[in-house]
Ligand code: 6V0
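The chain below stands alone, shown as structure tokens; this is the form predicted on its own.
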Amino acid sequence: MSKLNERKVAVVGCGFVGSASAFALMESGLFSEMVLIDVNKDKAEGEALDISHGLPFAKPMSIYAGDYKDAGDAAVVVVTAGAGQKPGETRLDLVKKNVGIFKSIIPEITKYNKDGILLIVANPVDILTSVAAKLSGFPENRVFGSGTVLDTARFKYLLGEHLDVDSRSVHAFIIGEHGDSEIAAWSSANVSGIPINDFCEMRGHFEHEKSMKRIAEDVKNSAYGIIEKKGATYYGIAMSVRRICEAIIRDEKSILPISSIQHGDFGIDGVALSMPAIVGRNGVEGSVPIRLSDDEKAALKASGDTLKQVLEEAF
């Protein structure tokens, strides 16, 4: 097993999400080498060539199609492979199909790569993160999912639009399942330290309950709406993958709501779901406590129970 190359990333799966992620990673300048792996080698080669042709406008980098052996020294292995979500299908409908795919993929990755970070992006991401952790045998800090990083970005974006303020100044998390049981953590939401309801009133918004319900629903249903209109979602998640890789490679110790295996917080144990965590070169470097109301705690526990039940049925 060769030593890890800190400037190398592998992307497994070259569908919409994998290809868009590869493109975002090329543009990021974080890596000097990227291998694309897909069951359809021609697709991987085509994407590698297409993305490579943008290199004269970016940073020098080697981008090529390869196989699992080529991912042996990758610092980060991004796993997007899996069946996509079809219109009318929930993320949990995908479980059985994608658990089967992971049973063939994860052992192939870990045969060659023992020390990298596995970043799971395929859906349903929480279930597949739990499955990948079990199949890989990697320490839990080195197997985590993109979780609700995208949902949280959608949340910040919608709050920014609602309040007519830069979404980067909005501090709020979506937690729990990346899917239908996700929770908008309103109790801890703020804009530059000002509690969200106070800020809303400063901006002339007073119907808090109604707005909170609408925004949380819009976040939850974003993917369904996009899939209905254009068939798949991939740019938002690609930017989320780039953001997570940035936190890892630059050892930023950024706080991101990634999906990792929980151990007893809020009564959730042995299943992966999203909570704010410190992300750096060693992967998940610690969880961050979050202030929740009793209702939010109950909803989070219910989300964990839902995922645990699905995991037990599927794996």
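The first residue of the sequence shown is number 1, and the count goes up from there. The model shown is predicted, which means the values in this text are computed figures rather than measured ones.
Not pictured, yet referred to below: the form predicted together with the named molecule.
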The named molecule in the model of the complex reached by all of Gly13, Phe16 and Ala83, non-hydrogen atom within 4.5 Å: yes
Pick from 203-211, 182-190, 73-81, 135-143: which stretch has a heavy atom within 4.5 Å of the named molecule in the model of the complex? 73-81
Can you pick out, from Val288, Val39, Ala58, Leu49, the residue that has a heavy atom within 4.5 Å of the named molecule in the model of the complex? Val39
Answer key: of Cys245, Leu94, Ile196, Ile109, within 4.5 Å of the named molecule in the model of the complex (heavy atoms) is Leu94
Look up in the model of the complex whether Asn113 has a non-hydrogen atom within 4.5 angstroms of the named molecule, and give yes or no. no
So in the model of the complex, does Tyr68 come within 4.5 Å of the named molecule, heavy atom to heavy atom? yes
Applying a 4.5 Å heavy atom distance criterion, does Ala153 contact the named molecule in the model of the complex? no
According to a 4.5 angstroms non-hydrogen atom cut-off, is Ile101 in contact with the named molecule in the model of the complex? yes
Within 233-255, which residues have a heavy atom closer than or equal to 4.5 Å from the named molecule in the model of the complex? Thr233, Ile237
